[in-house]
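The chain that follows stands alone, in the form predicted alone, written as structure tokens.
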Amino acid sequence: MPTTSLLGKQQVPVGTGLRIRLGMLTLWVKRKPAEWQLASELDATSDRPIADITQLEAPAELPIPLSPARFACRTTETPTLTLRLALADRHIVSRPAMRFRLLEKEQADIFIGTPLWLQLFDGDRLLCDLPTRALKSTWFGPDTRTGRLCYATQTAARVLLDDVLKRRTGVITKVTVINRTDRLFIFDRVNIPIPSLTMYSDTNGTIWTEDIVVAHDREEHATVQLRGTAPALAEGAELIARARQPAPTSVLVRAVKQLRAER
């Protein structure tokens, strides 16, 4: 079942529920006469690249150890949820698992994977907005007063798309890294402005963001430019989620210390 099969409406009659699994996330939903009940957990031992939705027949029960969140609402004959996929709600700082060196006056395309978020709506009212993987927080900036709180991930920074597709469990971003200097640079970490990216699905069900370009033109300084169009490698790309925080594609986002000189 492709990940995109989660998209759309799901009827949840009173007394029944849903169990939704994606990545490390399992989410239980129960419908009562005038409320929704939701419980979730992240299991680090499981990372499913496909969606799994199970209907829970009446009398549906949520897992006993978990404390459900309750959302009061009007009684209706046909309670319906809308499920959507989304990108992370913060920038993601990704570090290569192995050092990645970029020669002077060169450029390279690398592929970075980031986790999906799962959103549930009652009509246009958001009930939950949850990551499908456990993530650590990190601070990105030159000091504690300048910068932003981000999520931290590790990437293989793969240069061959086939290697990425074999391991897909989230969203793929193609990053074009350009070294305009006369020095060799080490790819140290990259700050991806995930909330400003749009998300697409191709004909194979692979999830992509728009492409980005990281240009390094002097020491300790780089910029990130958003392509603003469907990813070039996503065949038959269809838009499935707009950016959380839209930004003009012509605006350059400064990314400090993404690459550093090899001395």
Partner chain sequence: MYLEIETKAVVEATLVIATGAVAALLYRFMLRRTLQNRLSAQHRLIFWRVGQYTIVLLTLAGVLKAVGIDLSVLLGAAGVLTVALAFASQTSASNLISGLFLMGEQPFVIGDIITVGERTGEVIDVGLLSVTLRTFDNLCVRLPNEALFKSEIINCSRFPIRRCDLRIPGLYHHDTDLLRELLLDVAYANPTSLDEPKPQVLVEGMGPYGMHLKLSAWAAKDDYLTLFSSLHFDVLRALRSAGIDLPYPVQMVGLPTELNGISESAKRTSPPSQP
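Everything numeric here is computed off the predicted structure, so don't read it as measured data. Residue numbers count along the first chain shown, from 1.
One more form of this protein, predicted in complex with its partner chain, exists but is not displayed; see below.
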| property | result |
| --- | --- |
| Within 4.5 Å of its partner chain in the predicted complex, all of Phe100, Arg101 and Ala108 (non-hydrogen atom) | no |
| In the predicted complex, Thr138 touching its partner chain (heavy atom, 4.5 Å) | yes |
| Ala72, heavy atom within 4.5 angstroms of its partner chain in the predicted complex | no |
| 4.5 Å heavy atom contact, Thr78 and its partner chain in the predicted complex | no |
| 4.5 Å heavy atom contact, Leu126 to its partner chain in the predicted complex | no |
| Candidate stretches 81-89, 130-138, 109-117, 175-183, one within 4.5 Å of its partner chain in the predicted complex by heavy atom | 130-138 |
| Stretch 182-196: residues contacting its partner chain in the predicted complex, 4.5 Å heavy atom cut-off | Arg189 |
